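Presented below, as structure tokens, is a lone chain in the form predicted alone.
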Amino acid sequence: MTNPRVLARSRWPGLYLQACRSTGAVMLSTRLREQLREIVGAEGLIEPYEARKVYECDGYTLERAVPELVVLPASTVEMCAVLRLLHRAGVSFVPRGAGTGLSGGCLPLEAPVMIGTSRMRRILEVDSVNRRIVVEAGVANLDVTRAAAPFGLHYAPDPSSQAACSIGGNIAENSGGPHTLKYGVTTNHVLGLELVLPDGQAVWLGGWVDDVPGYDLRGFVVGSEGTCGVVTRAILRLVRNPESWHTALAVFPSVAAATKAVSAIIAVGIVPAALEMMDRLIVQAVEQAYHFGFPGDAGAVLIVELDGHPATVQAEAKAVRQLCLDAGASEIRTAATDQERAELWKSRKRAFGAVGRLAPSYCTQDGVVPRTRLPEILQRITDVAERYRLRIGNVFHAGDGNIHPILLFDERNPDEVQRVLAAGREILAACVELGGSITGEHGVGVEKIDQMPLLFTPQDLIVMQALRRAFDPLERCNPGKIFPRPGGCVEVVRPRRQVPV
């Protein structure tokens, strides 16, 4: 595949957001504010600038905008009333969950009103017999598993931010996590969802059973990044806790040796519950922060978790140990207790926070490559780091090739910001060249809009937007996300096509 041709476009955040504000700003009338207050109550309306500023960005901090008003409905009824009112007034809005996203998906661009689901936190029903749970959109991911735990069940998708991120946000981004290698991502565990359309109408998509007749509109909404409406409730699939587990930490001299072990494990037919990797920079940061006992001189570490029937787990653990040793592992540790296992996973899931010890700012990328191409993409990332004079750490879901390069910088330095943005674009382009994608679980948001043509033709993008308009004809729900605007300068490359054989 030819290298992408990059057309110049300024991405310095201040200039970009100033332009967006100037085209999207809408003065909200006093009457509209009063009507919204009547619907959600004083506690459901955030007006002071200092309080609204908290909502200026999500985990992608390079682009920011303060909403004119934040509205927090407490129920589906209130959500419908709010959206009907905004629809009649012709006002655009942006949905927001817990704000843990990493692509600017809830940035209030061209939308003066932000609608949050943080007051919708009820767990409505647990059906342990059918392994179903019904929750509101604002329920935290981890709270779903806590509610299911007394029945020997859990919710499989487990993003690193699972203690804070909400189910509504997980649905918007089709979130993953370490254990989705074996169990699947969010879309595999959402059976049905209640969606309030931009005109205020509430509809149920999917249902209680595994399959329903007709088009899979539920599947379309999962991963649509809040551009179709606001999810208010969901029916989720629960899975039974495994009979046994085996969690091991394998230490390698290099990332190349660790990726060799990953390919070997999958090649023999073993599908671990999780297969995670951290490189030296991340290992050192995590160890400094949490003192788990990671070896500071390791080139990379691999966390392998197996689960299932005890006999099967025991046999697979023996095979995995030998495969890791054959690939060059210098040490293999096994978590002997539930506490050790919990501490190991806590350290892994807090890796992003530990990076704050290394630099004032960081930007987490989210690309995907076939797992056999991991050595190549990691070498490309190393080359990018050298050329752009940046430090880049790597923590990723090695089992499914979902990489998370963490670019370290100081956002007070405009030159560093420009280099980070350029480096991120080049890494994503490399992922596509190697047969992958520009996002695995963080979404497109505002961050990766320019890279969409790396994967899709103009015709593809037109069809996608036509589908979106079936839900939101006026495009007032989360405008300015996912799709390049006509006339915008973007990266261009011939999309990869799957040729039937």
Partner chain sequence: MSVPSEALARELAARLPPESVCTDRAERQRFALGGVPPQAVVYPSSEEEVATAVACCAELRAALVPWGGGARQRQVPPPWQYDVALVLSRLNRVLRYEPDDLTMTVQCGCRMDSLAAVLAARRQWLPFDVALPGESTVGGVVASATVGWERSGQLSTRDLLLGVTFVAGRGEVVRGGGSVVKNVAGYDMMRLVAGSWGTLGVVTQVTWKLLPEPPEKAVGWVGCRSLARAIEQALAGDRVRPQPSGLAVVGFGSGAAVADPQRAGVVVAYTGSAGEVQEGKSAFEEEVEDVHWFPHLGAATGLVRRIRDFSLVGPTHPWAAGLRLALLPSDLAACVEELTAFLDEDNTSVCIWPQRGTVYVRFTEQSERSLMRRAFLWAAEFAQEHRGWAWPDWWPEGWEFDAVSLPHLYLSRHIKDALDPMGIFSPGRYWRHW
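Residue numbers count along the first chain shown, from 1. Predicted, not measured: the structure shown is a model, and the values here were computed from it.
Below, we refer to the form predicted in complex with its partner chain, which is not included among the displayed structures.
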Item to check | The unique member of Gln418, Ser75, Thr312, Thr334 whose heavy atoms fall within 4.5 Å of its partner chain in the predicted bound form | outcome: Thr312
Next on the checklist: To verify the annotation, which of these, Ala149, Val212, Ile123, Ala164, has a non-hydrogen atom within 4.5 Å of its partner chain in the predicted bound form?
Outcome noted: Val212
Checklist entry - In terms of non-hydrogen atoms within 4.5 angstroms, which of the given stretches 286-294, 182-190, 90-98, 380-388 touches its partner chain in the predicted bound form? => result 182-190
Checklist entry - Does the trio Arg237, Gly443 and Leu455 actually contact its partner chain in the predicted bound form, every residue with a heavy atom within 4.5 Å? => result yes
Next on the checklist: Please determine whether Val203 contacts its partner chain in the predicted bound form, using a 4.5 Å cut-off between heavy atoms.
Outcome noted: yes
Checklist entry - Could you tell me if His397 has a non-hydrogen atom within 4.5 Å of its partner chain in the predicted bound form? => result yes
Item to check | Partner contact for Ala466 in the predicted bound form: its partner chain, 4.5 angstroms, heavy atom | outcome: yes
Next on the checklist: If we define contact as a non-hydrogen atom of the residue within 4.5 angstroms of the partner, is Glu411 a contact of its partner chain in the predicted bound form?
Outcome noted: no
Item to check | Stretch 126-164 - residues with a heavy atom within 4.5 Å of its partner chain in the predicted bound form | outcome: Asp127, Val129, Asn130, Arg131, Arg132
